[in-house]
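Presented below, as structure tokens, is a lone chain in the form predicted on its own.
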């Protein structure tokens, strides 16, 4: 069975609706499947630039802006946008009928498809709106008492840090901070930064899988396994690693994991995923309690009231697109793009990249800095003179410009980036 056929069947499963009972939906699916044929089969499935040009053509990104800030949020392929818009129009024909009686049937099939990509059981996955909501559910829902300690890093995402600070203020827990003096490719060193903070009072360790500021990948499993030996719960913030790095949820060895699907999966904005190990579900309190907040049913974390069903159905289409490329091929391409531009600009004196080089410790994200030039100045000049959109980073001891290509990024885009950085350095 080829990828196109798999993608078609996957999307039909995602709907969770019989094509015989709803022929009008089936006709839409067939039309979108032909789009897959056009985008994935146009140049064959060879790993060459023709293939990646076909992928680039599947997006509707601006021809006037080179978007290298995909670390913020990623664009959606045309077929994902079309799927969302079609089901949004359908919902507006009779909202309570089509949303609750028809489209709501698709969630369980979508959960199964997401579980296949995540490599876990479907009854361990809750579908929500973003990593902040997923991880906020965990941070606020873990039972902790005054004096309990939580180990976390100053390089973690601000929303997560603020959530933990609120628990500290509300419940009297103690936050124990990991300081990262630098990036590293030494797993033992990276893990020990956390493990050395563990004590008899430690109840939770919070780990960012791929640090959004500088692209550092942490050895989550190594830390989580040591935590488990000491009966410490572990959380992975995988907002930037899911559908980016090639891994499965069980590989992380954590009890909880949250991610956004509108980043590297290129799903609709405001879509996310919460993973909770089956044996941890009952003890984790939901943010919005339903009828049975103490149950071991993963669905208790989906009590959100009215939600966007078009978004959920379009997540299924984003899964098709991702699977059409393949997780391994996608990661290899993303790392290749990062390596291409970083290896060139670091040949210029005064330009440095602090992101690790190896495939085990980095992906697409990298941080570049320049002697004598502020990150904000580099960011502004890249956009003004070359139409390149990036983001300046000033966080803790991290300073530079974050560059984040995606699968639609071309080598010619990166050649302009290289030229721009070298010119800015020369002028400085």
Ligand SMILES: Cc1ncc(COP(=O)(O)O)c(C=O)c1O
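Since this is a predicted model, take the numbers as computed values, not measurements. Numbering follows the first chain given and starts at 1.
Another form, the form predicted together with this ligand, is not on view; read the next lines as being about it.
Between the options 80, 337, 313, 131, the residue in contact with this ligand in the model of the complex by a heavy atom within 4.5 angstroms is 131. A heavy atom within 4.5 Å of this ligand in the model of the complex is found for exactly one of 234, 74, 216, 208: 208. Contact between residue 317 and this ligand in the model of the complex is not found at the 4.5 Å heavy atom cutoff. Contact check for residue 183: every heavy atom lies farther than 4.5 Å from this ligand in the model of the complex.
Contact annotation for residue 160: at least one heavy atom lies within 4.5 Å of this ligand in the model of the complex. Proximity of residue 138 to this ligand in the model of the complex falls outside the 4.5 Å heavy atom cutoff. Stretch-level contact analysis of 256 to 264, 242 to 250, 92 to 100, 279 to 287 against this ligand in the model of the complex, using heavy atoms and a 4.5 Å limit, identifies 256 to 264.
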